[in-house]
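In structure tokens, the next block holds one chain alone, the form predicted on its own.
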């Protein structure tokens, strides 16, 4: 019923109004086109460097290929996935990936949150000095960080061994990175140490966005520091906390990769490896691209579901001060 009325109204509008309406529509279309043109270079690069390799990985997961020039990939169906699930190394790498993912949460959430809150109300230059001190590990190259920690834990003349022997904690030196008892924990400690600076800066930035009026209001009601943290700081930091949880879970394997490669090479006996390092080994050490791609596909699907779940949690529980 309403359509004919609208048509009748449009036909009775003066020509000047119709002309300005069509100019507005054209202007809006040009603005939209301009926005897409600005996005075009980024979309092209994203397609070339991210989605094209992703599709190629999905394809290679069903082929047997050793990357030897002149050879052609041989289709093998689901054989790469069958070999993957029957591999003992893959099971250990999945178990260690969970270990690193859960173990990094205190380093990316709890400790940085405490440091950011503790330094937030500092006066003068000391606030920046402390934050710079926490941030320095992040800007160091992983190779340099690995070299420093390797020297500290060196089995014969490392500072840690010397101190522990002098204090009487141990009787003889320990080869920490060759000992299954310590290797995995040290990789976790080093990765977490490097993560603290980034998370502290993120939480500090989020804290500056909280209005001081809230704290003044609750302090007038008699709320102490702990109650202010629980009732004001935590709810208003919830978007950043959930964001950092997402980052930590999705990227923990990637962040620990460099230290596994430099310090332990996945050993001893595969006890410190993770899924990223196993994919690297399948593809570039064993030249088994099909198996590496199959592991990458599984890894992609599992983490896509985790990202989706975390995104839903964030929408449900994050509180935004609008």
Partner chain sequence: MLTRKLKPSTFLQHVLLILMSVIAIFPLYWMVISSFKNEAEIFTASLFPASPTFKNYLYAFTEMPIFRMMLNSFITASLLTILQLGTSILAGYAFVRWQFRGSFLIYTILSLSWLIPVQAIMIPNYVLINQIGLNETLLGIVIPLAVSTFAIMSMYQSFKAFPVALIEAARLDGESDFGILAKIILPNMKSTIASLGILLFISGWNEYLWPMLITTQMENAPIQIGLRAFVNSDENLWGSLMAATTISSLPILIIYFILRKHVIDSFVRFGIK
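Numbering follows the first chain given and starts at 1. Model, not experiment: these values are computed from the prediction. Heads up, when I say rigid core I mean the largest set of C-alphas that superpose within 1.5 Å between the two forms.
One more form of this protein should be noted, the form predicted in complex with its partner chain, which is absent from this view; the next part is about it.
At the 4.5 Å threshold, heavy atoms of residue 150 reach its partner chain in the model of the complex. Interface residue remark: residue 202 is counted as part of the site for its partner chain in the model of the complex, having a heavy atom within 4.5 Å. Contact check for residue 36: a non-hydrogen atom falls within 4.5 Å of its partner chain in the model of the complex. Under a 4.5 angstroms non-hydrogen atom cutoff, its partner chain in the model of the complex has residue 280 among its neighbouring residues. Residues placing heavy atoms within 4.5 Å of its partner chain in the model of the complex fall in a single listed stretch, namely 133-141, out of 90-98, 209-217, 133-141, 72-80. This chain is drawn without its partner chain; in the model of the complex, the residue among 250, 234, 105, 164 with a heavy atom within 4.5 Å of it is 250.
For the three marked residues, 115, 157 and 307, a heavy atom of each sits within 4.5 Å of its partner chain in the model of the complex. Residues of 193-212 that come within 4.5 Å of its partner chain in the model of the complex, judged by any heavy atom, are 193, 195, 196, 198, 201, 202, 205 in sequence order. Core-superposed comparison between the shown form and the other one: the C-alpha position of residue 38 differs by no less than 2 Å. After superposition on the rigid core, displacement of the C-alpha of residue 287 between the shown form and the other one stays below 2 Å.
In a rigid-core overlay of the protein, residue 269 has its C-alpha displaced by under 2 Å between the shown form and the other one.
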